[in-house]
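First, one chain by itself in structure tokens, the form predicted alone.
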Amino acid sequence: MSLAIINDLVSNVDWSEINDATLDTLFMLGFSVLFSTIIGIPVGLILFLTSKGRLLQNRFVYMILSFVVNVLRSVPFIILLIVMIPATTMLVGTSLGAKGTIPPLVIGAFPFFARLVENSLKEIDDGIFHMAESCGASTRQIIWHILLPEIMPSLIASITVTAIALVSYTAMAGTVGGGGLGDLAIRYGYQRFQTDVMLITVVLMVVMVQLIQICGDFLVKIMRK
């Protein structure tokens, strides 16, 4: 009886579509986190190293890069999706589906992540830099053997925060045919008033966020040990 009630409650749900949409969301999330990290770490390092009083102090470079990061961070993601349609089509051949959503996801996320990296680097004790410089360490050695190892727990936490933000970005991408759970929620849950489909997509995204947070916290704990 209980099973029949559950089936009635989710009568509009096509589980094969839910499965495909979940895989699309994971595909978008995985690649966007990867590329945001690959781009965001160097940008964060440059912002930190070229700021006042740092190893590669350069006011011009810092101001230009900081301006670009701030501009990209200030653009609402839904607007970014639309503005980037020509560039996305040129890069990946389409602006639709999971594949066409990755470029705007990366452009929307890496400036946010870069700022997190910069702020993490600012927390490092200045005495460590003076000690490394007095020992004759080069800038490259300081980056690889001091800066990155020092911020590793914070870096993992920043990646976790960025990944969770990207989950909501993937949902917004559904408004312009971006695929994934967000697209399913818009097409069926909103446009066709199928509340059960909307509920399932929301539950899956909540579970996704919880798993990301748990894994991130676990990795941070290991790094700190």
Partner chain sequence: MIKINGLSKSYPTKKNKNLILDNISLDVPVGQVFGIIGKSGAGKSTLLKCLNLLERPDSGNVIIDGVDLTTLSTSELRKERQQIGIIFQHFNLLSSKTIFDNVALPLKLQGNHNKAEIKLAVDEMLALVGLTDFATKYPASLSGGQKQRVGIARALITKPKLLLSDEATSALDPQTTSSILELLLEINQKMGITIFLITHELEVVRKICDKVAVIDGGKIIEQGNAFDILLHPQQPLTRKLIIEEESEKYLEQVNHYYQFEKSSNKHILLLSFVGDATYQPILNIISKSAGVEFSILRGELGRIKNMPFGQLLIEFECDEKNLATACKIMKEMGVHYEIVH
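Residue numbers count along the first chain shown, from 1. Being a predicted model, the structure only gives us computed values, none of them experimental.
We do not show the form predicted in complex with its partner chain, though everything after this point is about it.
Contact check for Met131: a non-hydrogen atom falls within 4.5 Å of its partner chain in the predicted bound form. Contact between Pro86 and its partner chain in the predicted bound form is not found at the 4.5 Å heavy atom cutoff. At the 4.5 Å threshold, heavy atoms of Pro149 reach its partner chain in the predicted bound form.
Contact between Thr94 and its partner chain in the predicted bound form is not found at the 4.5 Å heavy atom cutoff. In plain terms, the part of the chain that comes close to its partner chain in the predicted bound form, with a heavy atom within 4.5 Å, is 123 to 131 out of 123 to 131, 86 to 94, 106 to 114, 67 to 75. Contacts of stretch 134 to 164 with its partner chain in the predicted bound form, defined by any heavy atom lying within 4.5 Å, are made by Ser134, Cys135, Gly136, Ala137, Ser138, Gln141, His145, Ile146, Pro149, Glu150, listed in sequence order.
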